[in-house]
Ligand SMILES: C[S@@+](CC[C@H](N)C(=O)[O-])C[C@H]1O[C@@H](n2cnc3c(N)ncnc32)[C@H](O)[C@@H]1O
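In structure tokens, the next block holds one chain alone, the form predicted on its own.
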């Protein structure tokens, strides 16, 4: 047992079985013992997983090229612009974006504010050190909250953030025809799964998050064919974050890169165990309760619910596409005239192949882009306003 394991057991002994959401919150974000707070190497060859950022600077440079097209057009109409990044880890992606803008779009760079949303003091300090060369351009806020309503003109985005928010894990009991919540208890001296009855409020909110997959229809017909034990995750924090970010956007774009599901995939009956996974040492595990604080925990984002939430507060959906599709649309603009990007090397070509390869990162991640319709969307996604098809739906 480690110290966090002991803390979890003590809380369970005092309060009874804890929801998996509470377990995940402590396992990832406990101020001293959580996975993201303990200071260990997490990303790259020496860590537990690779990310698009760890491939090299090209990911940030491609985003900078796309953002520049958006923001230059927006600045002509709306004045000073911002880029707001949430979940910036150690600041590497921000440095890649700012570095490209400083080199290739100096006028835009001079009129840009780059804001990082970071609640963790430890990660804030890592970002501050990494971004010291851009200190005059960078600001921080601990949260993107309601006082920021209609305050952002520009781009709000996240990369691999929403999939790490703590989730409720709900299961279906086909015999009793009712939902329950998977919780964590102690049995035989070890952390183990337990079942808790659902509160009516949690059940209503969780099922509402599935309604986009049903065309807003009645869940009862699908429930009749769900297998016993069918499990899905409900991520209330992701929905809250998306709504708040959407409300913060006065003019511009809101986007997320993440693991996630389309509407047609949310309720496939063969996905009986949900999407929660643990990552450690570049290996995937379904032993979610092992090594609390010692492994990453992640659940696929419900992109259908995010899209519906954004549209409900007035955003237009530009596209929900694979990372492969999104980045190749940018590359298609750059490669005929590489000088506009600052040149194109064999190393950049290698990085692009990794970023878009279907067996690597290209189809693992998807990109949801929405925009406040009061701005021109002619630069929204490769120059098109039409919602781009998700190649994952037809693969």
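Residue numbers count along the first chain shown, from 1. Since the model is a prediction, treat every value here as computed from it, not as a measurement.
What comes next is about the form predicted in complex with this ligand, which is not displayed.
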**OP:** Give a yes or no for residue 267: in the model of the complex, does one of its heavy atoms lie within 4.5 Å of a heavy atom belonging to this ligand?
**Re:** no
Original post:
Is residue 295 one of the residues lying within 4.5 Å of this ligand in the model of the complex, judged by heavy atom distances?
Top reply: no
Subject >> Exercise: residue 118 in contact with this ligand in the model of the complex, heavy atom 4.5 Å >> reply: yes
Subject >> 4.5 Å heavy atom contact, residue 237 to this ligand in the model of the complex >> reply: yes
Original post:
With this ligand left out of view, which of 98, 161, 210, 309 would have a heavy atom within 4.5 Å of it in the model of the complex?
Top reply: 161
Original post:
Out of 331, 33, 53, 356, which one falls within 4.5 Å of this ligand in the model of the complex, going by heavy atoms?
Top reply: 53
**OP:** Run the contact test on 87, 123 and 165 with a 4.5 Å heavy atom cut-off to this ligand in the model of the complex and return yes or no.
**Re:** yes
**OP:** Can you check 152 to 160, 224 to 232, 107 to 115, 180 to 188 and let me know which stretch has heavy atoms within 4.5 Å of this ligand in the model of the complex?
**Re:** 152 to 160
